[in-house]
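Read the single chain below, which is given as structure tokens and is the form predicted alone.
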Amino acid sequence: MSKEEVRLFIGPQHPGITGNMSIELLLKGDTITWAKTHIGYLHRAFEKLMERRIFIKSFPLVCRICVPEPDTNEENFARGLEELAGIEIPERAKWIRTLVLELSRLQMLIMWYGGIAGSMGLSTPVQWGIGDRDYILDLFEELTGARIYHIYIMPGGVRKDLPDGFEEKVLRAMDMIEKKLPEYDEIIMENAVVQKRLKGLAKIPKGWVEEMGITGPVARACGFPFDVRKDSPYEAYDQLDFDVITEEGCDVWSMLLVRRREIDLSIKLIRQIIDKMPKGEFLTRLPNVLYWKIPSGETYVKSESTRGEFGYYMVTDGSDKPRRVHVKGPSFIHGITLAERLLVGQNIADVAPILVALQICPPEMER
């Protein structure tokens, strides 16, 4: 640190930070010369806590690994246990899980869409995003009894079947959200100030994508069609018709374009799922889960979260608890390795939109 530089901390409590984390910056004037991510302000040690609990008691725990998108963690943990225990789940359960995952993706994308506007001082879309997201949280409340932590995806399938009339309510919610999207687009996408600030901002060299292991919308904004739903299909994704969305700009504007188009994609997939939803059982009977022991083995399962590839490496030793669980979330790479390099040379005013564009979920780093 030279005499010309100023040290500044943004976070852990700050509207420009995407959760309880802190970015330490060195500034020369208003230009960032060095950046460091600091964690440790949040609930953590999920992996070790899971290794000290019987399998079923970890489901309320894994939801907290990314609070706005708990279902990805539930699905990964359940699918990992099913692979280790040799359990085949009913076809209907796969489709219901896929519906839950896409609803979860959509509500997070809507909240993010308003959030990227909020990072530049546009407060109206922030309120819209929170309000329109509630249409989906209302559906989750009816389906699971909870708005955020659902604890709905379980080993063997899902906790209960879809309520009567649920599919029609889902489609009505999709219609309401879709009808509102042009208003979002007018105030965000067609805004000259937003375009001027985001086009060319924080341009990622394409070589960084594979070098760092960048995934999800950040990689797709650089032209890489990485999507676990296509590359390694799980649940019912292999029976859905969709293309991976990419852009070529490698900047924050391209990340915005990818996620905006993925809102449309999720609505399209949700309608497909409702149309193709099979009848049948929703849960495979399991042994008494309070005394459930799983044979020795190891597995790695992965899925496409809203932020990118999300995986669980799990080892069992024949007991009633996991021997080892390691959670691999995209936020560790995007929030530390990438953010620390990408922020250097940027203006202090652009820290918030850059961090929102990377869509960092701090609990994934503190797991």
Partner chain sequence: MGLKEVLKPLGAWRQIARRPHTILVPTIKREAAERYRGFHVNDLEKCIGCGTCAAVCPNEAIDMVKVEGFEAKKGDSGYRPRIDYGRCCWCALCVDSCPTTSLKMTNEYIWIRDVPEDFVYIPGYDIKGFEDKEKGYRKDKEHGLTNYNRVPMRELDPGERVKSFAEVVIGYTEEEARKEADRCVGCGLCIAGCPDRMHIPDYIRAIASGEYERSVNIMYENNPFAELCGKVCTRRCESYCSIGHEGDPVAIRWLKRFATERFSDLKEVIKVRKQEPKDKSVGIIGAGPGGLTAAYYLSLKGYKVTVYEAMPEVGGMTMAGIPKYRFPFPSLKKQVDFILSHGADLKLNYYVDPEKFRELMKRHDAIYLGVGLMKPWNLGVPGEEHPNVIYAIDFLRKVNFNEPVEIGKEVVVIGGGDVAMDAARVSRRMGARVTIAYRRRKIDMPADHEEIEGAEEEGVEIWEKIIPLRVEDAPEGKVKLVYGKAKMVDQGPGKRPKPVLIEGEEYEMVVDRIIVAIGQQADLSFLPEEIEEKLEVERGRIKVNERQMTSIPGLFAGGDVANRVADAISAIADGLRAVKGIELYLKGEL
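Numbering follows the first chain given and starts at 1. Please read all numbers here as calculations on a predicted model, not as lab measurements.
Omitted here: the form predicted together with its partner chain. The next part is about that form.
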> Between the options Met111, Ile87, Ile245, Ala146, which residue brings a heavy atom to within 4.5 Å of its partner chain in the predicted bound form?
Replying inline: Ala146
> Considering its partner chain in the predicted bound form, which of Glu168, Glu190, Asp175, Asp275 comes within 4.5 Å of it through any heavy atom?
Replying inline: Glu190
> in the predicted bound form, which of 287 to 295, 254 to 262, 98 to 106, 267 to 275 comes within 4.5 Å of its partner chain (heavy atoms)?
Replying inline: 287 to 295
> Looking in the predicted bound form, is its partner chain within 4.5 Å of a heavy atom from each of Glu4, Ile10 and Lys28?
Replying inline: no
> Even though its partner chain is not shown here, does Pro68 get within 4.5 Å of it in the predicted bound form, heavy atoms only?
Replying inline: no
> Heavy atoms within 4.5 Å of its partner chain in the predicted bound form: does Phe282 have any?
Replying inline: yes
> Is there a heavy atom of Lys206 lying 4.5 Å or less from a heavy atom of its partner chain in the predicted bound form?
Replying inline: no
>> Taking its partner chain as it sits in the predicted bound form, is Gly131 near enough to touch it, meaning that at least one heavy atom pair lies within 4.5 angstroms?
In response: yes
> Does anything in 162 to 189 come within 4.5 Å of its partner chain in the predicted bound form by heavy atoms, and if so which residues, in order?
Replying inline: Leu162, Pro163, Lys180, Glu183, Glu186, Ile187
